[in-house]
Each structure stands twice: as structure tokens, then as C-alpha cells.
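First comes one chain, alone, set out as C-alpha cells in the form predicted on its own.
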Amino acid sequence: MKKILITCFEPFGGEKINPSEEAVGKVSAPRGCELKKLRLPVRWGEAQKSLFDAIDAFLPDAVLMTGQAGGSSAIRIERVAMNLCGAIKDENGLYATGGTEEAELPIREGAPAAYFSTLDCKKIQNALKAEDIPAVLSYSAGTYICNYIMFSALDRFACENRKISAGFIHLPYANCRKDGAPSMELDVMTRALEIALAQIILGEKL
């Protein structure tokens, strides 16, 4: 039985909910899969530690990370993670340096400039489109903590030469918003993640 770790984030930036947490909470494990769900903090350092601790304890065959992409109207399947912590404060009001002075820095000194997702992103996109779920391939996961954990996971697996598929999916705001921002029904996002998991089970470059 394949073991998949799926992660989401807590609400941040004054939002009351995070669609990734809501959707992951409703996801059912596909047949032939042991699924572990992990809620990550939106805090530099702590997010990476929580992710790595879960990987060490669960020993997954694949890791699917998810987060919120405000302003998007489609499921965004991230293809690239950059070796960069942007000059953005986390929920503790700190930059990645651990201080309050504006700064950006590499996620890991000496690491490659970027990694590609090791999921079959196009296959996932095609499976979503087959069920009329809007889905796009994205070539930037940003420079905040979504990119941070995607890069961290891919870098660790590459350094340890571990055959673990890993990638990231960004979700739009949930449909409960009333400010006119692009959004998507929560049930549709949940279904999208279940489709992605099914594609992983079918053999995502493991």
C-alpha cells in the first residue's frame, strides 16, 4: 500500500479560513493508499520542521503539498520551486532570517537555484480537465512559504537520493468569499485533490 503525505496550511494574512485546510480535511484516501494529513504553520522555519518531522515519522512514498493562491480562478499545479525566501513577514511578523529587518535569502545556501516538481503535472492537469475542473500549470510557486516547503521537500529528497515524488498544488479562495475575488466551490477543490491523489497512486514517477 502506497503512503502519501498531504499537507495544507493554517489561515494567514487575516483570513478566517484557508481553502487548502478545508479541502484537505474533506479528502478521502483513494483505494490502495494510506493517507496522512498535515496542517502546517505559516511561519518560516517552523513549517519546514513540521514537514520534515512528518516525513521522518510517516516515511511516505509521495508528498502532495497544498496552499492558497488568492486571485486565482483555477487549480494551479506548480512545476517549479525556487531557492528563495522572499522578503515577506510570516504570521509571527518575522522574515526568514528570524528578524524584523526586511531581507530575503536562499532557502539553503549552495543548493540549486530551483527544482522541478517530481509529480507528472501535465497528467494531473489532464485528469482535472477531463472532469471539467479548471486547472493550469504554473511556473512560479511564489517566494513565500508555499514555495519554501515545496523547495525544501524536493531539495531534501534530491540530497538524500530518495525516490519520493513531491509537488505542490495551489487552490483558489473558497466560494464563501463575498468581495468578488475569484473563487471555487470547496467540493470542487476537494474533488480536484482526490483526482491528483488518484494519479499519484497510478504511478507518478515513483
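Note that residue numbering follows the sequence shown and begins at 1. As the structure is a computational prediction, the values presented were derived from the model and not from experiment.
The same protein also has a form predicted together with another copy of the chain, omitted here; what follows describes it.
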Discussion item. Although the partner isn't part of this model, could you tell me whether Tyr139 comes within 4.5 Å of another copy of the chain in the predicted bound form, counting any heavy atom of the residue?
Written reply: yes
Practice prompt. May I ask you to state whether Asn175 is within 4.5 Å of another copy of the chain in the predicted bound form, using heavy atom distances?
Written response: yes
Fill in: is_contact(Asp179, another copy of the chain) in the predicted bound form, heavy atom dist at most 4.5 Å
yes
Discussion item. Is Glu185 near another copy of the chain? Define near as a heavy atom within 4.5 Å, in the predicted bound form.
Written reply: yes
Practice prompt. Given another copy of the chain in the predicted bound form, answer whether the residues Ser50, Asp56 and Gly70 all have a heavy atom inside 4.5 Å of it.
Written response: no
Worksheet item: Does anything in 82 to 107 come within 4.5 Å of another copy of the chain in the predicted bound form by heavy atoms, and if so which residues, in order?
Response: Met82, Asn83, Leu84, Glu104
